[in-house]
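Before any questions on how it binds or moves, here is one chain, the form predicted on its own, in structure tokens.
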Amino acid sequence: MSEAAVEVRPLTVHTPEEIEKVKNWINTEEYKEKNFAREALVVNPAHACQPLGALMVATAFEGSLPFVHGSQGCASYFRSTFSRHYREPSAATCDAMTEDGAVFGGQANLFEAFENAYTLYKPKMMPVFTTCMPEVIGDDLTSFIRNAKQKELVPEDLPTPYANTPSFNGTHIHGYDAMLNSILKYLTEGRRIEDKCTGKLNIIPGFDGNVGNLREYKRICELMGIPYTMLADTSEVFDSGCTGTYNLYSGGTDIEEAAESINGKATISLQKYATASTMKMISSNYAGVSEVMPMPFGVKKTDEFILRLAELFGHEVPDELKAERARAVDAMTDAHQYIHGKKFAVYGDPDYVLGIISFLLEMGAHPWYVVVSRATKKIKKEIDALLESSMYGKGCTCYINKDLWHLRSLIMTDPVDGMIGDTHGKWAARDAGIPLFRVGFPMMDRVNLHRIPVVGYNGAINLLTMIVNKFLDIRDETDENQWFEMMR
């Protein structure tokens, strides 16, 4: 049969009128009601899967080579997501399970990959975490890793902590938590010494794709004269600078310091929901004080963080930090009229969302819609309480276990002035004709935002500046008055 005789027919033909009708219908209250009634479908969720969170932790220690027990495609997805967000290489190895592994188990794959990875890359640690396939078939990582060491495929003393991180359960913050818990338990085993104190603060940033935030935490500690160990430090791993030479193991928390963290003076996590099991383990096993504090977004939460550090270590708040606070308050005073009373849709990880809400309420803005995918009633209760604590939270609503297609229905039927969250909200923001302020992970369509802190007093200024100037840009670019803001 010749090519000319072949006729390709589309299965369904829609007229331009039908297409336009549907485009308008999905913006209605009627469609919103149907959208919120769905149960078996998720569209554009505001989260990623567990192994991706595990990779962030597994990368964040000195000389650590993350090991993915699962398919090559999964490992490529995790690595590409980090590479696109940070615009840096993301190292990890994988045992590339295929159909054979699904039938016979993945031990043979793990054996070969363990031996190859250690021979080629000589890591100081190989944290192992799983994807869907080995979790579904029930692979036993404890015996797999033990058997690999008995066969001398890797040295017996090579740290090989592992975490079960099925993609079909939980989110990236749960994978982060599971992997961090496993690494710290592994490294600190047998290292607790009664009456020994390193005098250090163990600071856990949680799942945070903003290396500027991590550096801000470290800078604050240094200004206050507080010795610290940052547990799971990605700041130099994913932002090491261009020297002309690629270093596979750039940065990361020193393994010996991580092992000694069990004898620290205090341990503070700055993400409650991303470190739940880790902090439970630390409170049981570690010396010193252990507590969870909210991310220091805005002035009030930063005050609480700094005053707590001063109390724990008996240090005065330095004049430099007091001056930074004064500048933040001044900046907020200068710009409050441009953000006061505006409505925002906020989405993302629960710890980040709580921080952003705190900042907006301080500025007299309304976190009108709050969406957290894969959340619990406990998270909703905490968000609702925060909203109720301010007059600017009146009328605002928190939605848990909803996705960004739900959020689109909300902003199309009851508009807001802007959205705050990661890159994946851009389609809803485009449809609604409102700006998206990119905060969180991932941010794949803008550059350098992951280097600009949004926590601390400087972070408050940065966040305020980004939001207000975007609103001013829009007004200036669309206002017929060429003298906009030039004369008052």
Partner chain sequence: MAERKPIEGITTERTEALIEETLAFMPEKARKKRAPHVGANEPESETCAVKSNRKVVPGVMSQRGCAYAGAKGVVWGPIRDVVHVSHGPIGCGVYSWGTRRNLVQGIPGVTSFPMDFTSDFQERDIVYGGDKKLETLLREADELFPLNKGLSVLSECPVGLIGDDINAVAKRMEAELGKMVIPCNCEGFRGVSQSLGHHISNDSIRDFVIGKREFTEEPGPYDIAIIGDYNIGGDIWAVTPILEEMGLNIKSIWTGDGEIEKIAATHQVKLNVIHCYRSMNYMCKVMEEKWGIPWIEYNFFGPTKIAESLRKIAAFFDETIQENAEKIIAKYTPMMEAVIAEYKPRLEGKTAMLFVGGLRPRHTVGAYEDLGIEITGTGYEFAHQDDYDRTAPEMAKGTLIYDDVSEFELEKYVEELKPDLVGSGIKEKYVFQKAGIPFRQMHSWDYSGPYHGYEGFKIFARDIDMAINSPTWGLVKSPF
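Quick caveat: nothing in here was measured; it's all calculated off a predicted structure. Residue numbers count along the first chain shown, from 1.
One more form of this protein exists, namely the form predicted in complex with its partner chain; it is left out here, but the text below deals with it.
In the predicted bound form, residue 301 stays away from its partner chain, with no heavy atom inside 4.5 Å. Taking the partner from elsewhere, residue 28 is found to have every heavy atom lying beyond 4.5 Å of its partner chain in the predicted bound form. Under a 4.5 angstroms non-hydrogen atom cutoff, its partner chain in the predicted bound form lacks residue 158 among its neighbouring residues. Contact annotation for residue 100: at least one heavy atom lies within 4.5 Å of its partner chain in the predicted bound form. You can rule out all but one of 218-226, 321-329, 178-186, 136-144: in the predicted bound form, only 136-144 has residues with a heavy atom within 4.5 Å of its partner chain. This chain is displayed alone, yet in the predicted bound form one of 413, 76, 198, 390 has a heavy atom within 4.5 Å of its partner chain; that residue is 76. Of the candidates 376, 285, 397, 116, 116 is the one whose heavy atoms come within 4.5 Å of its partner chain in the predicted bound form; the others do not. Residues 77, 78, 79, 80, 81, 83, 84, 87, 88, 89, 91, 92, 93, 94, 95, 96, 97, 98, 99, 100, 102 of 77-107 are found to place at least one heavy atom within 4.5 Å of its partner chain in the predicted bound form.
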